[in-house]
Each structure stands twice: as C-alpha cells, then as structure tokens.
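First comes one chain, alone, set out as structure tokens in the form predicted on its own.
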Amino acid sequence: MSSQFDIIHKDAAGRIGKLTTPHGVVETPTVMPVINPNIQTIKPSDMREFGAEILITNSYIIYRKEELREKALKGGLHALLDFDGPIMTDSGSFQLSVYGEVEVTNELIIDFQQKIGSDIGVPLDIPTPPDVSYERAKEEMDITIQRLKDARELVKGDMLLAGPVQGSTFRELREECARELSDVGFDVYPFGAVVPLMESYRYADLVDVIASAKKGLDPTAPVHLFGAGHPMMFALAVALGCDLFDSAAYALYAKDRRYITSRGTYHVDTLKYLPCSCPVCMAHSAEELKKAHNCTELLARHNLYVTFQEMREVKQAIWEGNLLELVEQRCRSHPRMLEALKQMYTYSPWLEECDPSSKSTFFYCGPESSKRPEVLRFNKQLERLTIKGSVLIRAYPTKKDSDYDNVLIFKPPLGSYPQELAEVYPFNAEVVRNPDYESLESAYMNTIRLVELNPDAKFTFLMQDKFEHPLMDRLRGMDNFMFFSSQKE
C-alpha cells in the first residue's frame, strides 16, 4: 500500500491533513495515545470517547512477552488491543535508548510488525541523545539510515513504514538525515530522540531540531514528533509542521497524581478547584478527586480530555488562520516556551515560504509578533510599490490627505503602506495603540526600505510622540524625507 497524505488547510507550517492507513483515514494533527500492552489505565476500546482516531503501542514489548506475542500472531494486533482503528507500533528503539541494547534485530522486528498487522511500523533506529559528539551522532545516524533503507526493502504488504529522522542536536545532521530519507521515500517521518529535550524544558533546542529536519523533507510529508504528549506545546510544534504526536503523559502523569492543563501541570493535591469542564471535573470536586479510590484512572481520563481539547483548538486555529496567535499565547505559559517562540521566529524566512498569503486578520500579541512571516513578506514585497510625487505617511486620520499625491498609513509592526490596502490582509491588523520598541523597529526598517526604493518621491511623516524611535534619526537624514510633528491622539 502506498502512503497517501492529503493536506486540506494550512497556516504557518501547520496543516490539517488526511492520512490514509490500512485501518482507516486519520485527520491530522492528532495525538496517538500510547498503550502499554501490560498496563492499561484506560482500555484502548474506550479511546474514541476522548477523540482518539489512532493509537500507538510497542511491538517490542509484545514480542518479548510470550503470551502477548502468541495472541498478536494468532489474532492480530487490533484484536489484542480491542481497537478497530489504525495502530502504529514502535520497534524497541526507546528501550534501546534506556538500556543500551534490545533482544531483536531490525529485520526481526519489522517482520513481526508486519505479521501482527500494524498500520504503521517503525524500524529499529538508533535514538542518539542530545549533546553527544558530532562523530557519534554522525556514525549512529548513518547506521539508522542504512537500517531504514533495509527496512524499506523488507516491507511488502499494506503496512506503512516510518523513517525516523535522527542527528542529535546537530541541525546540519538532522537536515541531512531528513533529506536522505526523503530521497528513499517513507510514509511517515518521526523526529526521534527529542524526549530528553522536552524533559529538560529545552524547547528552543527542540525548535531547532524540528525546523532543521523539516527543511530536509518534502514539505508534503507527514511528520510525527516522538514522545511529545503535553498539550502546552502542541500549537508550537504544529506551527512548525508536525502532524502526529504520541502521548503516554496522560497515564504517567496520572500515576504521579498530576493534572494536565494547556498551560502546564498541577499536582492534584494542591488544587482547591478544578479549572476544567470535562466530564471528570464536572462530576467531582477537587477534594472528591483527591480522595477517589480510582483517582489515577480519573486523572488519566481528565488528562486525555484536555489533550484532545487542545488539539481541536489547534485545528480550529489553523482553519481560521490564527495559529501563530495561539502559539504566542501558549508560549507565554512558561519562560522556556517563550524562548522557543523567539527561536521559532528566527526561522521566519522559512515559515514565510510555508505560510498562506491570505488570511482573515493579523492580531498583534506582543513583541514577538513583529517577527511574524507576514511582516517579513511585506518587506519582500516593498519593491512592488512604485511611488512618485508627494507622499504623506500618517499614523492617524487627518484632513491633509488631499494635499498629497499619495497617502500611506504607518502601522507598526508592518510599516507604511497605501491607504487603499487598509482593509486587506495583513494591513487590517489589530495592533496596540501604544506600540512597543520591537514593533516600531520593524515598522521603521520597512519604511526606511520603502523610502530608499523610491528616491524620486518626497515623503512627509505626520507622527506622534509615541512613535519616537532611534531609527527615526536615519529617516531624518534621508534627502527625500521630511517630518511634520503632531501630538494628536
């Protein structure tokens, strides 16, 4: 069976897609709840209640336990888990990263995944951890690539095959690995060995890993971010182009009596109120939840409800074209997430290539918004604006418009644009009345470039004190630029 991934809607590098598997079509982005074949906090057959369309389990665990292995070989993986939808299986690479060795070969585990009817199989790649030497990362990446090429030849049936992208924290290796695997051709591309980054809150480094790997892939290829199960970072990862996530967090956190929200995690024993309206939280008070004999199960259920609620929020944001605004809101929930947001916008030139040129409204959410792809795109389009004669650049309505051949509106962070475009995206942006330093810097840089591109025009800037910025000195020094100061609000 050949992979089919249809992209329906896009925003930033994020997209809503349809992934066709042997057991049905999955709408992405989505979360695959992790099912431990030995310990099931919530039955796989109940997972659809929360919104799960696809599950993920570990074929190595099934293979190693004789009872599970025989049941899977006899009745199939879906009968074993009592789930009739798509199921992805990992290969034992996680155990390899923890214990240093596993009791299977790449060939054996690929064969086993095919025999038990996995929808998406994963070869036995080497998950190189962060911060190792370049030599080790390169050597293990080369071994992984060879194993994946071998696995590609071994898969003959309907099972889709994942091609995990490795390379540790070396951006050039991640991109190289992704490019080589893309040339081979896989059905899904997981980004592996990133759990240590998330566990240590190194979200900015995670941004580098994702963006670098994405640059090496076919932009239409489905991407899986291995081990990313906390809803706090879904919007960020989706905006960078991730489509599939897997979550054991719902169960692991519940075991530790932790209560997940889209902004972070509480310990349930510290809660006076339950800040959620899921069925679990509506049926229990905080005190009742703490004392419930089945508290672990109830927390796991709550955690799943919140997980899928956040993913639906992300999908709606893609649909409405305001995913980056959701990202900026979510990234203010933790200082390390804010670092990741700033790091994401260092990739704005790449994001701009992915981002749709037409949306609804640009909402300014903070200084980071001045680095958004839309602002960069306008800078690139300034060469199209040929302006002659007298030009008024104003930040507010005046009665002087008729005195000039052209009237431009000055709006941070975009800059100066023809007033005829005022209702066109992104110039219809909702911005703050008192601009911050970063938005003014962006607006002035774009305005300076516009003036430089039109040396024969004579520009007058009608300004207010709140638009003062050091870059105004550069404008004052230009031959074709004059100022008219006003305190009008």
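Throughout, we count residues from 1 along the sequence that is shown. None of the values given here were measured: they were computed from a predicted structure.
Below, we refer to the form predicted together with a small molecule, which is not included among the displayed structures.
The three marked residues, 93, 166 and 226, each reach the small molecule in the predicted bound form, with a heavy atom inside 4.5 Å. Contact annotation: the small molecule lies within 4.5 Å of heavy atoms from the stretch 185-193 in the predicted bound form, the single such stretch among 72-80, 408-416, 185-193, 376-384.
The partner is absent here, but in the predicted bound form a heavy atom of 122, alone among 122, 326, 238, 299, sits within 4.5 Å of the small molecule. Among 117, 85, 127, 216, the residue placing a heavy atom within 4.5 Å of the small molecule in the predicted bound form is 127.
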